[in-house]
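To begin, one chain is listed below as structure tokens, in the form predicted alone.
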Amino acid sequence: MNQPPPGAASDLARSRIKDLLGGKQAPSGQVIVKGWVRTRRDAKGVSFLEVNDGSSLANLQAVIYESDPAYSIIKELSTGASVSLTGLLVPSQGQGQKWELLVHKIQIVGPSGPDYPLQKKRHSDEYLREIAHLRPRTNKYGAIMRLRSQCAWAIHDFFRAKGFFYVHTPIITGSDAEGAGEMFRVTTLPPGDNKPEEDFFGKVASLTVSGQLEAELLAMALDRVYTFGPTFRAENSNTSRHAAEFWMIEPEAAFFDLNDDMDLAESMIKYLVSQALEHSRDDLALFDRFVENGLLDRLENLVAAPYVRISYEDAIEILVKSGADFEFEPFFGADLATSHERYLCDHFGGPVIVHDYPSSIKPFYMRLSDDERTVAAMDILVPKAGELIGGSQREERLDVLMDRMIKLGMDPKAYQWYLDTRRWGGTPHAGFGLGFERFLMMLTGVTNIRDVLPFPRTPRNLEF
């Protein structure tokens, strides 16, 4: 019979700081805590350690008296060191937390030193991006990573409760998904060899920019599906809102129309935000204090407020009549700029869903209206962030879809697999896309996408 490796069983017995600090009474007997030293403060006859294990924003204060044998190695501990502490959880003698750890045994798991890059002071985001492999140890970036985890779980919970199946769409693709952006090429050919027919797939292959088209195929068999995975854009854009690799949530549902799509998207945002407020409020409070004053109130309003729904045409009329000095002039047929989106949210005092966009500015797969002037598309705009979700009812009529593809210069033969879903048992269906990082920026008030990604991929940046 195989035996567990030494120490495996004992490590399961250690306590997480989040659980200890949240407990109504101290555990009986000794506890084991493992984590990283944030600070060490020495006083006469006693030392205080602030230790964090990543389970929460809060640190646990550990107290070591000079009379205890464990005190002998206290001078070897510095910020950044990883430690294992054994002791008793007792009521705290100081302000700020209910419990503290009275330490009887210290083990240095991994030493640190005076050159540790994260000393006890505020560091700029620019500096922390240079050491992205260490920044999750800071309060801000640890909170962001916990929020990513919480929101990812909430996404799965939301769709499962509504009968959606989680599906996996290809990362390597031969489709450009309606020209959603510049694509990274995947090749086994040596540099300079441009003969796709000799490549691994016998044709040009790329990293996906969207799983939507494949999700549509699966919805025609499973009724309701969603994808949640990485997507890639090769746009050489060094802005605060663009990254080469990011995550997308893309649901697709058979027998849905545009109204169903708007209902689903609004309820999803409200659910995700409410779950973050319920389960990660301490982490969100950090951003309310240091990033965006009033963040928690804004998030509460996102959950409570009804989302105003207006047509694109009415939105343009509001913008034109506003008299505001926009950088980009609003007119029918122009895409909404960020300044337009923010104005509309301010005008209505909350989130806005704009629907029925001009067909001239939308992709081939969106359902064409009878007058062919607009398509059944929608965007959800939220205060501060602007556009958060984009979606549409898909064009289910084979003849209309093929005609639109031809008018846009597309070759229907290259999309026979897609057209088959309209040819045999097609149904009205709809879906949308939500950029996960865009949502996290909205949730935290963080204004640079690089700061909500664990390891951002941007032009000239492929570290870690």
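All residue numbers refer to positions in the sequence shown, first residue = 1. The model shown is predicted, which means the values in this text are computed figures rather than measured ones.
The same protein also has a form predicted together with a further copy of the same chain, omitted here; what follows describes it.
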| item | value |
| --- | --- |
| Location of a further copy of the same chain contact in the predicted bound form, chosen stretch of 333-341, 297-305, 87-95, 348-356 [non-hydrogen atom, 4.5 Å] | 348-356 |
| Of Glu126, Glu76, Asp325, Asp370, the one that lies within 4.5 Å of a further copy of the same chain in the predicted bound form (heavy atoms) | Asp370 |
| Interface residue in the predicted bound form among Lys384, Lys270, His104, Arg160, criterion: non-hydrogen atom within 4.5 angstroms of a further copy of the same chain | Arg160 |
| Contact of Asp68 with a further copy of the same chain in the predicted bound form (heavy atom, 4.5 Å) | no |
| Contact test in the predicted bound form: Leu286 vs a further copy of the same chain, heavy atoms, 4.5 Å | no |
| Gln30 within 4.5 Å of a further copy of the same chain in the predicted bound form, heavy atoms | no |
| Partner contact for Lys34 in the predicted bound form: a further copy of the same chain, 4.5 angstroms, heavy atom | yes |
| Those residues of 109-134 which, in the predicted bound form, come within 4.5 Å of a further copy of the same chain by heavy atom | Val109, Gly110, Pro111, Ser112, Gly113, Asp115, Tyr116, Pro117, His133, Leu134 |
